[in-house]
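This document starts with one chain, in the form predicted on its own, laid out as structure tokens.
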Amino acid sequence: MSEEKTYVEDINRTIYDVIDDDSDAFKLEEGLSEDIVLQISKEKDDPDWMRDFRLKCLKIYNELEIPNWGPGVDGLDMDHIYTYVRPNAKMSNTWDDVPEEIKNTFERLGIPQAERTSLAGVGAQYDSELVYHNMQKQVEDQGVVYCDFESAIKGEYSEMIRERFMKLLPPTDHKYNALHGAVWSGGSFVYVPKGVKVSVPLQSYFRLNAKGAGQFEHTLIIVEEGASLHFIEGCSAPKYNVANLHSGSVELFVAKNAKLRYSTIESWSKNMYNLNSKRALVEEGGRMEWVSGSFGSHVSYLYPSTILKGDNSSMEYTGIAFANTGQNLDTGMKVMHLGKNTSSVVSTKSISKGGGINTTRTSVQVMPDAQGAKSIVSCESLMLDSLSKSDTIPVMDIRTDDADVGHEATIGSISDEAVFYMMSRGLSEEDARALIVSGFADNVSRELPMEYAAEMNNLIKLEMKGTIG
């Protein structure tokens, strides 16, 4: 008798698609109920306020409707999602103590090597739990805190976290924020003290291995006055023939004259529903920078948002999304100008191939007191065939006469002349097209550290495999 097929054939994503045996992992039953939420709270050893907050979020989740502004999520049935999967491993800050099978997965993904060569600290999450967290001593000596979120809410920064937890992303925002608040697990807390400049990046990597599971990590970063940080987030999962769910939350607090860059490269599998929320609050003179690469996932809702609260605060967003066969990616960004003389610069790019659908939503809101605000939004789309679809949906809400706001959008295809020129120089047609697409994405890859730029270019090559004219 043939074995049940759980792996769906796709392009060659070897390092991402290896499925690890999770037979010894602990799983709560499928579905979502008060009993499951209480069991998660018990597993986490939550303080009372967090347990009560989870139950409040569950109530809100049950009351809210499924969002109707983006692609359908009909294939996502919460009755058949495991909201909590604990690997057979305890968190360690020593790589040698991580179980061999989990260690092998992260070795394939290059996490330890990246830590050794280019990172100040790493957190690695496997399904619902962090299995590894470590930071270089010289960064720790600067007073920087980088730890798992569960430890943070019970440590010396507990009150600081309680004051901020899901304040930027309240559960009433939409149904999946409420879901996150009820079942969150894992994630990272980062605190950079006043004036401290972290010269090399910190990174969290999220690996979802279990079939039919959800991952709900929470990241909270506080960068105090005059400090600076670059934080990198990586994500991946193997592909199954059932729905998986990612509904993480990222809350970022950028103080006066501080700077935070948040870079993300997502390589989810194409059975993934990626319903993620990210928001930053920027005080006077602060700067927020987003760099985003979205690959994989069956459906994505992803709109990093920034609140420019303080005068002279600024934001820059650079992002790209690649939608291939069977994908519907609804991405973009939001920015709200509250302070005077605030500025935002947005560059989004999308690539559509094989019937993939890309929708880019941008929202710029300039409030009445935001005199002198400036914003420029650029959306570029590249269509690789006649089967695919790309839409740009800009929203400009300007409530003061003293503002300078602009939007431009372009759409195009690969030039046959450019392909012919490269083929005349010895490239195959497939390689020529992949090179052109990599050039289209160059403004994103240039903003990433070399190792992550290489990973993004490799993902583009994998997505382009088999492309014909």
Partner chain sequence: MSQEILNIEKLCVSIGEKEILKGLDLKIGEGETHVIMGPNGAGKSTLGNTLMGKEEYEVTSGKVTFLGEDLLEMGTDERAKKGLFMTFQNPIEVPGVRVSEFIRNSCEALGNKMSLWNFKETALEQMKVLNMDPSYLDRELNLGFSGGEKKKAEIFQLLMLKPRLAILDETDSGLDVDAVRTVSEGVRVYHERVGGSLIIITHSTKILESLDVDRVHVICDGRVVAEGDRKLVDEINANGFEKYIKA
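Worth saying up front: this structure is predicted, and the values here are computed from it rather than measured. Numbering follows the first chain given and starts at 1.
The form predicted together with the partner chain is left out here; the points below concern that form.
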* Indicate whether residue 42 is a 4.5 Å heavy atom neighbour of the partner chain in the predicted complex. => no
* May I ask you to check whether residue 412 falls inside a 4.5 Å heavy atom distance of the partner chain in the predicted complex? => no
* Asked: Taking heavy atoms and a 4.5 Å cut-off, does residue 417 contact the partner chain in the predicted complex?
  -> yes
* residue 435, heavy atom within 4.5 angstroms of the partner chain in the predicted complex -> yes
* Asked: Which single stretch, out of 400-408, 32-40, 45-53, 438-446, brings residue heavy atoms within 4.5 Å of the partner chain in the predicted complex?
  -> 438-446
* Asked: For the stretch 410-428, which residues lie within 4.5 Å of the partner chain in the predicted complex by non-hydrogen atom distance?
  -> 415, 417, 418, 420, 421, 422, 423, 424, 425, 426, 427, 428
